[in-house]
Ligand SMILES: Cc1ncc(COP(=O)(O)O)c(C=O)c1O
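Read the single chain below, which is given as C-alpha cells and is the form predicted on its own.
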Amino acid sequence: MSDIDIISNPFHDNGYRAKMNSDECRRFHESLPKYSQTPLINLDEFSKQLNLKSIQIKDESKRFGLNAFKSLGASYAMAKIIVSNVNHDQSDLEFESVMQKSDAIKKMTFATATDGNHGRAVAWCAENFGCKAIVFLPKDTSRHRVDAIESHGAKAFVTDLNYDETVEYAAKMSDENDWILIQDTSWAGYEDIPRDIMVGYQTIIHELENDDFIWPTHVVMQAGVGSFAASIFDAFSNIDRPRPKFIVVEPTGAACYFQSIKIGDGDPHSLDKLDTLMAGLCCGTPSILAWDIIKETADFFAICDDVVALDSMARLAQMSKPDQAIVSGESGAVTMGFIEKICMEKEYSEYLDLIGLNESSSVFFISTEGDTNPDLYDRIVNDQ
C-alpha cells in the first residue's frame, strides 16, 4: 500500500479573494510580553538534494516558549472577547490596554477542547490575562500534554471521547456553566471566535516581511480541522504577488478534507474512525470556515502514512548544518516528509509532474510544533 496519495481539487477558484484582514493582529502580538519573531530557516543543502530551488521552514516551536504556534490565535481571540465583553471598544487592542480591565477579566472563565497545543495556548493566555481556563482533552492524550496545560494554572480533564466528540462536550459544558468557549474549529452558529483565531495565525505570514524570504511557488500546509491551513492560504492570497500552488497534507488515518474532496459534492464530510500518531491532526470534522476557504484555494490534497512524518522528524533533527536542524513534532514535520518522499522515490515521480515540482520550485513549510510528545520524539529521533 502506498505511503502517500494526491488528488487535484476540482473546486479550486483562481479568482479567490482573501476573506480576512489581519493588520490588527500583528500589532496586538507585538504588544505581548516576550514577543519575538520565530525563525525562518533556509534548508539550502537539502533543497539541492531534492532538486529544488529552495526550501524554507518557519519554526513555530519557538513561539512564546510554548512549543507550538497556537498562542497566536488564542491570544488574539481572547483579547477581542475580553474587550468586547467589557466595553465593546476594540479600537486600541494592545496587551496593556486590555489589562486595564483586570477586575472584569478575573471573573471570566474560558473553556476549550484540544489535542494539546491549542489547550496549552488557551491556558497560557488565561494565565497572562488573569482569568480562568478549563481544558478538555480526548482519550489517550499523553500525560506530558496534560502537564503542559496544567503548568499554566488551568484545569485539564481527559475525556473518554475522541477529538471531535470532545469538542462537542466542551461546547455543552460551556453552555451549561456560562463559560466562554474559545474553540479553534467552527460550525453553524459558532463562527466569530474561530474566525478571530484564524486571523491571529496570520501574524506568521506578516513576520516574513522582515526576513530574507524567497517568494514560494508551493505552500504546503498540514490540516486537522483545517483552520491553520485556511488561514495561511488566505494570508498568501492577500499579497499582491503570483499566487503559489497550495497543497493540503493530512494523515491517512484522519483525512477528512481528502475524503470530502473525493466524495465530490462540494460539502465537508466527517470521519467516524481516526487512526494516526499525528495528534495535532487527528480530527475527523472540517471546520466550516476553513472548508469554505480551502475548497476554493487549495490546488491539491495529499495524505501520508504516519511513517512519512516520523522519518521527517528525524531528518529535520539531523540536518548536516547545525543551524538548520529543527525540533519538529509529528504534526509539524509531515509536510516536508511528503515533499521529500515524492522528490526522492521514483515510484512517486508522477506526482512531481502533477503538482509542478522541479529545479525552479521554491517550497515553503511551517513546522507547527516542537517535541510536544517528548516520549515519541525521543524514540524516533534519538533511538535510531
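All values derive from a computational prediction rather than experimental measurement. Residue indices: 1-based, along the sequence shown.
The following text describes the form predicted in complex with this ligand, which does not appear among the structures shown.
Subject >> is_contact(Ala133, this ligand) in the predicted bound form, heavy atom dist at most 4.5 Å >> reply: Looking in the predicted bound form, residue contacts with this ligand do not include Ala133, since no heavy atom lies within 4.5 Å.
Original post:
Could you tell me if Gly280 has a non-hydrogen atom within 4.5 Å of this ligand in the predicted bound form?
Top reply: Gly280 belongs to the contact set for this ligand.
**OP:** Using a 4.5 Å heavy atom cut-off, state whether Phe233 contacts this ligand in the predicted bound form.
**Re:** Phe233 lies outside the contact set for this ligand.
**OP:** Using the partner position in the predicted bound form, report whether Phe69 sits within 4.5 Å of this ligand, counting heavy atoms only.
**Re:** Although this ligand is absent here, Phe69 would touch it in the predicted bound form, with heavy atoms inside 4.5 Å.
Subject >> Partner-contacting position among Asn117, Thr166, Ser312, Gln183 - heavy atom within 4.5 Å of this ligand in the predicted bound form >> reply: Contact residue from the list: Asn117.
**OP:** Check each of Phe301, Phe110, Phe228, Tyr76 and return the one that places a heavy atom within 4.5 angstroms of this ligand in the predicted bound form.
**Re:** Flagged contact: Phe228.
Original post:
Pick from 303-311, 174-182, 260-268, 220-228: which stretch has non-hydrogen atoms within 4.5 Å of this ligand in the predicted bound form?
Top reply: Flagged stretch: 220-228.
**OP:** Could you list the residues in 345-367 that come within 4.5 Å of this ligand in the predicted bound form, counting only heavy atoms and keeping sequence order?
**Re:** Nothing in the stretch sits within 4.5 Å of the partner.
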